[in-house]
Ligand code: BES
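Let's start with one chain on its own, the form predicted on its own, as structure tokens.
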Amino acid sequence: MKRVKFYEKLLSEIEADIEIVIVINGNFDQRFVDADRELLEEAGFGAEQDETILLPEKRRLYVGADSIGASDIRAACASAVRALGSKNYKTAKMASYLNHPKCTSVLRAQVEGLLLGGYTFDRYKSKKSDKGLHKIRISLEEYNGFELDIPAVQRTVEKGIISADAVNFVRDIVNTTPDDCYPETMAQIADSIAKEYGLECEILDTERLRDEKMEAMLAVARASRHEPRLIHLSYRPENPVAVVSIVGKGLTYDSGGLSLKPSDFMVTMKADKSGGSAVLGIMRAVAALKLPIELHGFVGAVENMIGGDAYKPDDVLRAKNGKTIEVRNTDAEGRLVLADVLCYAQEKVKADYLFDFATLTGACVVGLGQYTSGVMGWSEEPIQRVLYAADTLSGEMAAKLPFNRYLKKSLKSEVADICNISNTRYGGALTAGIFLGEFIDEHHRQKWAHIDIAGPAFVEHVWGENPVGASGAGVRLMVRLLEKLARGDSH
């Protein structure tokens, strides 16, 4: 699908091949539904969440939503667009959906759902389909009969488009194969974003990484034919209300290194760049939204491979801040890269908030499932900002995983300052987070939150507004957090 646009017209005045109607909470008496009620009941349409039915003779597609809440509407809209993906309809129209006359968050979710549900990744298909919607027109007619504030609605639609486009941009990067997307490629993508949106862009190559004494990151990259890159994008508006740094793990491929992954675990490891890709998408969205937040995005782009020059279990690495790390497993490489990038980010920018995104641990997926990100840190304030932005604002799911003083002992090393894996099989997401916490300086200690997106970043089936493959996890969450911060709102 190419475009969503708001029209200051009634539904009857808008031309389209088909109309999309959302049935809220199984209410067949509602506006826009009553005309086809008998036909829907006869067809056995129960209007369950994301259930769809096409009435071609009426040129309408109905989709169920459990409520008129943003998350349900977003998922329902995505399901409707997917249901029309194999059909020959090119244009669709639908009403606006709000749950309060002064609040447009549900309408934003509607726009996001339409664009996120229309996402396809066909780069590697020899035959590309032209089926599916190209345009969706949203009417000023509203589900509850509310009179719309047209300028506010137009701003909301534009924000929804920017947010969804950034997510789909990230999905494309993550879905791209490791042979076509490696550290230099990510640097090129960052440079193109900078040129398009007027950002500053600095790229550190191997020589400069060595000058910065980032030996942990360099060790992970050593066996790859693709040299590492550290990306620093900066968005500097006039008179910013806050300064924020975001850091992303950009493992363009992770074989596990000499602690080689089993072959079936290596499949989908192109998704290990999801955190770094999310940072690129967030930078793009914030610049497009022109938020009054000074934002710095840092990406550690590396490929973890095997070879005669690979770093080894038993190696001791020295991170940028001088701490030594005993390597006991080369597949715990993301935290080594992040350790150096976090140190670099803190040295370059004294931020009001510091957030990192990483597909860091399978343990987080075991603990929270495939759809939920784990949030960790030393301070409640940034953690609560992330949780509120996830569950209440963006529709992403996140849960706090609490640090405790006992788990730190499991990272003790007899030969170095710290070990890169725990000496216990339990609490792996937390021990990885605690490891990262050792590379957070005193200035940022109460301002940092770590977001483990290993679960939702890449899932091999459709769920909610997300397709098979990359979801763009973290983008909507952080964009909404920054929008709220820009308004001066507390968490």
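One rule holds for the numbers: they count along the sequence shown, beginning at 1. Since the structure is predicted, the reported quantities are computational estimates derived from the model, not experimental observations.
Beyond the structure shown, there is the form predicted in complex with the ligand, which is absent from this document and is the topic of what follows.
Undergrad: Under a 4.5 angstroms heavy atom criterion, identify the one residue in Ala310, Ala83, Ile421, Ile162 near the ligand in the model of the complex.
TA: Of the candidates Ala310, Ala83, Ile421, Ile162, Ile421 is the one lying within 4.5 Å of the ligand in the model of the complex.
Undergrad: Check each of Glu396, Glu333, Glu112, Asp356 and return the one that places a heavy atom within 4.5 angstroms of the ligand in the model of the complex.
TA: Contact residue from the list: Glu333.
Undergrad: Although the partner isn't part of this model, could you tell me whether Ile282 comes within 4.5 Å of the ligand in the model of the complex, counting any heavy atom of the residue?
TA: Close contact is absent here: in the model of the complex, Ile282 is far from the ligand, nothing within 4.5 Å, heavy atoms only.
Undergrad: May I ask you to state whether Asn329 is within 4.5 Å of the ligand in the model of the complex, using heavy atom distances?
TA: Asn329: contacts the ligand in the model of the complex.
Undergrad: Is Val299 close to the ligand in the model of the complex, meaning a heavy atom pair under 4.5 Å apart or at it?
TA: Judged by the heavy-atom cut-off of 4.5 Å, Val299 is well away from the ligand in the model of the complex.
Undergrad: Would you check, heavy atoms only and a 4.5 Å threshold, whether Val220 touches the ligand in the model of the complex?
TA: No, Val220 stays farther than 4.5 Å from the ligand in the model of the complex.
Undergrad: Given that the partner is absent here, state which listed stretch (167 to 175, 194 to 202, 346 to 354, 360 to 368) has heavy atoms within 4.5 Å of the ligand in the model of the complex.
TA: Partner-contacting stretch among the options: 360 to 368.
Undergrad: Please state whether every one of the three residues Lys249, Asp254 and Asp272 places a non-hydrogen atom within 4.5 angstroms of the ligand in the model of the complex.
TA: Yes, because Lys249, Asp254 and Asp272 each have a heavy atom that approaches the ligand to within 4.5 Å in the model of the complex.
Undergrad: At a 4.5 angstroms cut-off on non-hydrogen atoms, which residues of 187 to 213 are near the ligand in the model of the complex? List them in order.
TA: Counting only heavy atoms within 4.5 Å of the ligand in the model of the complex, no residue of 187 to 213 makes contact.
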